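Here's a solo chain for you in C-alpha cells, the form predicted alone.
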C-alpha cells in the first residue's frame, strides 16, 4: 500500500496537471470504487473546478472552488495516471474528463482503492493522527504514548501518526537503533529523540526519490519510485546489515512483517539508555 512518500509524490505531480481545470464528465466503470452513493458522487463532482490537490496521511484530497471535497485512497494497487496504458485498460475503474480534453484515470487491479465524497475538507478523514514530517511533532506524540504495544505497531497506527506504513516504520526503527518489539510506552528519552529525528528524515528522503516501488506503486507519470535501492532493512531478510554485517532478521508483529538488525537494534531497558 502506498505510504506517505508515495502519496505525496502523486499529489505533487497531480497539482500542475489538474489544478485550475474543471471536470466536465465522469465515467464510473466499477461503482464500488466509490464509497457511499455513486450517483451523488457523480452529481457533486461533475462541473467541479479543481482549486487544490492535497495530502492527509495516505489520502489524496481534491478540493473544488465551491468547497466540494473528495479523497482517493489507493490501497494496494490503485493508481492515478494521465495517460492510460494498454495493460491498464482492463483495470480502469473511473475516468475524469476535463473541459480542456485532458483525462485522469483511476486504475485499480485488485479493486481495493476507494474514492469518498466528504461534506467539506475540514470534516474529511476523521481520526487521523498528526503528520510525521516534523521532528518536534513526532517527539511530542512519542512522549505521550501510554500503550504497551510494540513500537512498530504504534507507528503503523494511523490514529497516532498519519502516513507511516510498514516500509518506513522498519527503516526509521533501524536508523534509530530501536528494536521493533520495544513497548511504545517504555521508550527512553534518548530513543524518543532519535526516533523523532529519523522519521521525518526517512520520509523526506523517500519523497525526494519519488517513493518506493516494490510491486504496484506508480507515479502519475506512470514511473517507478527510486527509493527501493536505498532501503537498509525492509525486504532484505537474510542479507547483511549495511552497518554491521549481521544478517537482517524478519519477524511478524500483529500479522505484519518486520525487518530489523538483531545487533544494531537490540532490546534495551529504559535505564540503559541515557
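Numbering follows the first chain given and starts at 1. This one's a predicted model, so the numbers in the text were calculated from it and none came from an experiment.
What comes next is about the form predicted together with the DNA, which is not displayed.
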Checklist outcome for this item: Exactly one of 194, 204, 103, 73 comes within 4.5 Å of the DNA in the model of the complex through a heavy atom, and that residue is 73
Next on the checklist: Taking the DNA as it sits in the model of the complex, is residue 137 near enough to touch it, meaning that at least one heavy atom pair lies within 4.5 angstroms?
Outcome noted: no
Next on the checklist: Considering non-hydrogen atoms and a 4.5 Å limit, does the DNA approach residue 188 in the model of the complex?
Outcome noted: no
Checklist entry - Does residue 234 reach the DNA in the model of the complex if we count a contact as any heavy atom within 4.5 Å? => result yes
Next on the checklist: in the model of the complex, is there a heavy atom of the DNA that lies within 4.5 Å of any heavy atom of residue 112, even though the partner is absent here?
Outcome noted: yes
Checklist entry - Heavy atoms within 4.5 Å of the DNA in the model of the complex: which stretch among 195 to 203, 157 to 165, 171 to 179, 95 to 103? => result 157 to 165
Checklist entry - Quick one: which residues from 24 to 57 get a non-hydrogen atom within 4.5 Å of the DNA in the model of the complex? => result 30, 32
